[in-house]
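Consider the single chain below, provided in structure tokens and representing the form predicted alone.
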């Protein structure tokens, strides 16, 4: 006999953290992933703690001194509908726009997208290249972790029982920095990513960041790209070196959605396309 599922909707973060101490309790945010798993019987919690009634998790603020602050309950459509964010963080809002349909984006939250820890999470690549920090809360207090420390494996995060992501902190990328996001789907408009990719290029600070999703058990931030960018004399040389680095770093798999070989080919195409987009945006490959 299946045990009954209890539900509660706390009105404060403190209350939610208390409730999450109960054995076999799970937080519920947008529910776009969790409800599917409940339906498939992949998860059987005793208690669902609905976080949607907690105002502290709804902050969306962009300031000159602190950068971007995103509460864990902020939905994809709230990101997209902010004109300031579209201008300041275009790769992030472009990624949010590719998450499901409009109805899904009205429910799906930033915190939930990250906590699900999918290797192809659409918000992961832009947040990785932006050096994002996550604020994690529990009854013991708060701690900050880099976003790369959240992924333990495919759909496995490093949060401890009773912990919640409460805020996503995104620093300003710099006045000269440009960003871009690309995604390959089977069905145009509302499918999971076969491969997704984000890049950041800053010719003033000599920064080049590339993150690839869907090609390993976690999103892959290519290592040493700042050095490659600073040492490469022309776009062709940089492209060749980054292609070789990506090929050596990613570990795609064969599954029902795409083959490993196909994913590698998409990565090569996307990387060249991404670098061209960034070169146009920064008006060349000038160095500081």
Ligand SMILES: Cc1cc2nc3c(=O)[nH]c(=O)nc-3n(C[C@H](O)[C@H](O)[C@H](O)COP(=O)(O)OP(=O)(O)OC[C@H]3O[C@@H](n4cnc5c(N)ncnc54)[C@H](O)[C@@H]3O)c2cc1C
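Numbering follows the first chain given and starts at 1. Because the structure is a prediction, the values reported are computed rather than measured.
Another form, the form predicted together with the named molecule, is not on view; read the next lines as being about it.
**Q** Can any non-hydrogen atom of residue 98 be found within 4.5 angstroms of the named molecule in the predicted complex?
**A** Residue 98: contacts the named molecule in the predicted complex.
**Q** Flag residue 258 as yes or no: does it have a non-hydrogen atom within 4.5 angstroms of any non-hydrogen atom of the named molecule in the predicted complex?
**A** The answer is no: residue 258 has no heavy atom within 4.5 Å of the named molecule.
**Q** Under a 4.5 Å heavy atom criterion, is residue 104 part of the interface with the named molecule in the predicted complex?
**A** Although the named molecule is absent here, residue 104 would touch it in the predicted complex, with heavy atoms inside 4.5 Å.
**Q** Is residue 109 close enough to touch the named molecule in the predicted complex, meaning at least one heavy atom pair within 4.5 Å?
**A** Yes - in the predicted complex, heavy atoms of residue 109 and the named molecule come within 4.5 Å of each other.
**Q** Given that the partner is absent here, state which listed stretch (117-125, 202-210, 141-149, 81-89) has heavy atoms within 4.5 Å of the named molecule in the predicted complex.
**A** Selected range: 117-125.
**Q** Report the residue, out of 239, 32, 232, 249, that has at least one non-hydrogen atom within 4.5 angstroms of the named molecule in the predicted complex.
**A** Residue within 4.5 Å of the partner: 32.
**Q** In the predicted complex, which residues of 254-278 put a heavy atom within 4.5 Å of the named molecule?
**A** Contacts from 254-278: none.
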